[in-house]
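Take a look at the structure tokens below, where one protein chain is shown in two forms, each on its own, as structure 1 and structure 2.
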Structure 1
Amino acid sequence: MSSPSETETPERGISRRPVEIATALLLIGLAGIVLYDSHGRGAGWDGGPQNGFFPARVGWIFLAASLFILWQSFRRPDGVFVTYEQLRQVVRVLGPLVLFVALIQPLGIYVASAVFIVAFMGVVGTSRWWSIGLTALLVPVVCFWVFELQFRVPLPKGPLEAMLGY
């Protein structure tokens, strides 16, 4: 909200071709791993198709498609993959999200959610502190009520919940 995308003029950013090429190379690598693994375990015929039989065949098609994509990526006109402004927005979501997932193990999902909300809304920086606080408190409590008490789905809990006797 701090930076609505109103500027339609061409912005600087990461161009599309390197990303396209990197993705294609990654896919080729994946195909290589699949083929290595499948042929390693046996992709032939041993009284019936061996367990690498099907993945190996898919792997070859995959390899061909990826190579074709790589070849295509050199021929296509280049464009902008993501502008730096857009990338900044994405990182502002992705950063807190990674933090959130990392905190689930030690703190439990409820406390981690609260931290995530504070971090996210703080980074975006458009809300007043009390609305951030209220959201950070209410959302985990509602989630707790819905999942733990109503549906009886056990979610990862941490020290705080243990202290409260759950």
Structure 2
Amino acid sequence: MSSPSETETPERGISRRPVEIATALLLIGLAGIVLYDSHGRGAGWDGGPQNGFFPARVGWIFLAASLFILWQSFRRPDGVFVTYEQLRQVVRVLGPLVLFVALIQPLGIYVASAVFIVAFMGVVGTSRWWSIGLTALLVPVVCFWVFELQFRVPLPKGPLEAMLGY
């Protein structure tokens, strides 16, 4: 007779090692950019710290930490980093956020916020349609009142705000 752990199928997902290697390589690249830029600005101490002195030190620490992550990725046993079900949940949240950022430039932040609220509450939440519509209307209106009229902070506007005279 087999135990329950032997009969269960392992969860499928993205492996940990490739994610750690990709992250380490990305961070090594960023550290290289920081080091290149800081040495171009002067990373020495000529009567005091030059412009790139502190960024160069941070870049070296960043590079050392990235190399440690790369080394650790080969030492630890490989496993599941994230299951496909967990990744699906992340995409459900990330998708409306990407849509929101993409719509800010053409539609303005207030209309994009309304679209984001509808998409997010429709995809992630289990709200009623009137609750989604009311939230999508009131939140951008309140944000417009606070930022544009009270604090006079100009935020990206689109054709709707231009049509209304703002």
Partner chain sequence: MDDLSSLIAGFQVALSWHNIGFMAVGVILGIIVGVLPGLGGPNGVAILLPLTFGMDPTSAIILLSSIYWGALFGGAITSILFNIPGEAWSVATTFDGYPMAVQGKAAEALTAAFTASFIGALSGVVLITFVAPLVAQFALKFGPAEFFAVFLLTFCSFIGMGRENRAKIIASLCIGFLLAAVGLDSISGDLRMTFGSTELMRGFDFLIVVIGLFGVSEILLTVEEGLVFKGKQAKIDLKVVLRTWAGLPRYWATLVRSAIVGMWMGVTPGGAIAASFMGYGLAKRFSKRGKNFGKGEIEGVLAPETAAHAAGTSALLPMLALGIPGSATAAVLLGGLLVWGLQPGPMLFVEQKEFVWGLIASMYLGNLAGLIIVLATVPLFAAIMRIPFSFVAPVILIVCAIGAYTISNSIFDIWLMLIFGVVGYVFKKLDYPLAPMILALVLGDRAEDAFRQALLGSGGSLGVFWANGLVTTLVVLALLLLCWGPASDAIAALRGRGRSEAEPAEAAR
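All of these numbers come straight from a predicted model, not from anything done at the bench. In this text, rigid core is short for the largest set of C-alphas that superpose within 1.5 Å between two forms. When a residue number appears, read it as a position in the sequence of structure 1, where counting begins at 1.
- Working note: structure 1 is the copy from the form predicted together with the partner chain; the remaining copy is not.
- In a rigid-core overlay of the protein, P106 has its C-alpha displaced by under 2 Å between structure 1 and structure 2.
- Annotation: Cα of A31 displaced by at least 2 Å between structure 1 and structure 2, core superposition.
- Relative to the superposed core, V118 shifts its CA atom by less than 2 Å between structure 1 and structure 2.
- For P49, the Cα deviation between structure 1 and structure 2 after core superposition amounts to 9.5 Å.
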